[in-house]
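Have a look below at one chain only, the form predicted alone, in structure tokens format.
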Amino acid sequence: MATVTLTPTKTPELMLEANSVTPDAFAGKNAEQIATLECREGKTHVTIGDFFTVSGNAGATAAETDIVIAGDCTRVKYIGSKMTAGTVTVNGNADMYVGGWMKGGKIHIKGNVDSFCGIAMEGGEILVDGRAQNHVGCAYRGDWRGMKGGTIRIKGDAGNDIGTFMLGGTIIIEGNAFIHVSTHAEGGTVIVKGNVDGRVGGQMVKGTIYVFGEIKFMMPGFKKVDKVDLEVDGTKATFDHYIGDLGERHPKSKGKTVFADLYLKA
């Protein structure tokens, strides 16, 4: 694995749109070539070298390329966007759209992330050591295709609209979440190890939600059907099992109606 290190040299006046900070874009290039890759600051065309010093050469392929950003990226968007392989590590915070539309590889943010982390993600892994803002693993605004695959793990709290229009994959929030979890979901799994204020599973027709803490305001479209013992993300517990959202039209499989499943720790 070849490592390319980006060290921030200045803070963007506007947000820096760094779509080119991916192993796919870096693959086969040396440090000088990587520094010339284009980014955007507002309407202005800039380069990676305008904001970072670049050391190390990339591998021949994305899978052989490891990117390390040695500093804070609070004002840098689209890190790891559309990547298919390789790894990206940020030793600090990152702005919006981390890992958006990614299909493979691994991203590790050692601080916090802003909104739209893993938007429309199809594969790969995202690990955030801190907290996330809103719209983790959701669909792009105006679209109905949310996260399809891969895994997002947020070790801290998350905001609202987690997994909106989710179709597949797994989102794990180790802290608390606010409102709107798996709204309009047609698949996938969301695990919240803390508490949720409410609007969990609204208009959800397929998929699974696990909540280890409390749901302050339960959606009326969910019905308790039984109590089960499960092991979820390495933890064994007893859960109250609900099905829903009963206010929606649901598909059938082998003559039986398919519902979404909500498991609330008993």
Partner chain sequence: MSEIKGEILIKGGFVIDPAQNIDGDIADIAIKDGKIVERVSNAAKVIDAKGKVVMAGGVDVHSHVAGPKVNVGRLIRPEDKLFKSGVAHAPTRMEMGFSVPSVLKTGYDYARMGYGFVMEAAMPPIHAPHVHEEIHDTPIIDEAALPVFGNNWFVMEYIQKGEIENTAAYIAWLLRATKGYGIKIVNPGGTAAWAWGMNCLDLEDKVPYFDVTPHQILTGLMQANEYLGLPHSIHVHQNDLGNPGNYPVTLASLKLAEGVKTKNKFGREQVMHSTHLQFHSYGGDSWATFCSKAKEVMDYVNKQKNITIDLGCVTLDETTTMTADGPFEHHLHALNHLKWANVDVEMETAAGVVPYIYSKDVVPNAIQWATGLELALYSKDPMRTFITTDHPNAGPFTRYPRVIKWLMNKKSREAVLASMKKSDKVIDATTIHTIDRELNLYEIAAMTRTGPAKCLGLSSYYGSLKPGMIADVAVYDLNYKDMPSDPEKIESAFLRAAAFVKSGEIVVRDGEVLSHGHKKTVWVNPKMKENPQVKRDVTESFTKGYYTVGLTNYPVREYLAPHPFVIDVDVEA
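Positions refer to the first chain, counted from 1. The model shown is predicted, which means the values in this text are computed figures rather than measured ones.
Absent from the display: the form predicted together with its partner chain. The rest refers to it.
Visitor: Is every one of Arg40, His45 and Arg145 within 4.5 Å of its partner chain in the predicted bound form, counting heavy atoms?
Guide: Yes, all three are in contact.
Visitor: Look at the stretches 136-144, 88-96, 104-112, 155-163 and give the one with heavy atoms within 4.5 Å of its partner chain in the predicted bound form.
Guide: Every other range fails; the passing one is 136-144.
Visitor: Residue-level contact is defined here as any heavy atom of the residue lying within 4.5 Å of its partner chain in the predicted bound form; does Arg75 satisfy this criterion?
Guide: No, no contact at 4.5 Å.
Visitor: With the partner left out here, check for me: in the predicted bound form, does some heavy atom of Arg131 sit within 4.5 Å of its partner chain?
Guide: No - in the predicted bound form, heavy atoms of Arg131 and its partner chain never come within 4.5 Å of each other.
Visitor: With the cut-off set at 4.5 Å between non-hydrogen atoms, does Arg249 touch its partner chain in the predicted bound form?
Guide: Within the cut-off, so yes.
Visitor: Go through 62-82 residue by residue and record those having a heavy atom within 4.5 Å of its partner chain in the predicted bound form; state none if no residue qualifies.
Guide: Read in sequence order, the lone residue that approaches its partner chain (within 4.5 Å, in the predicted bound form) is Lys82.
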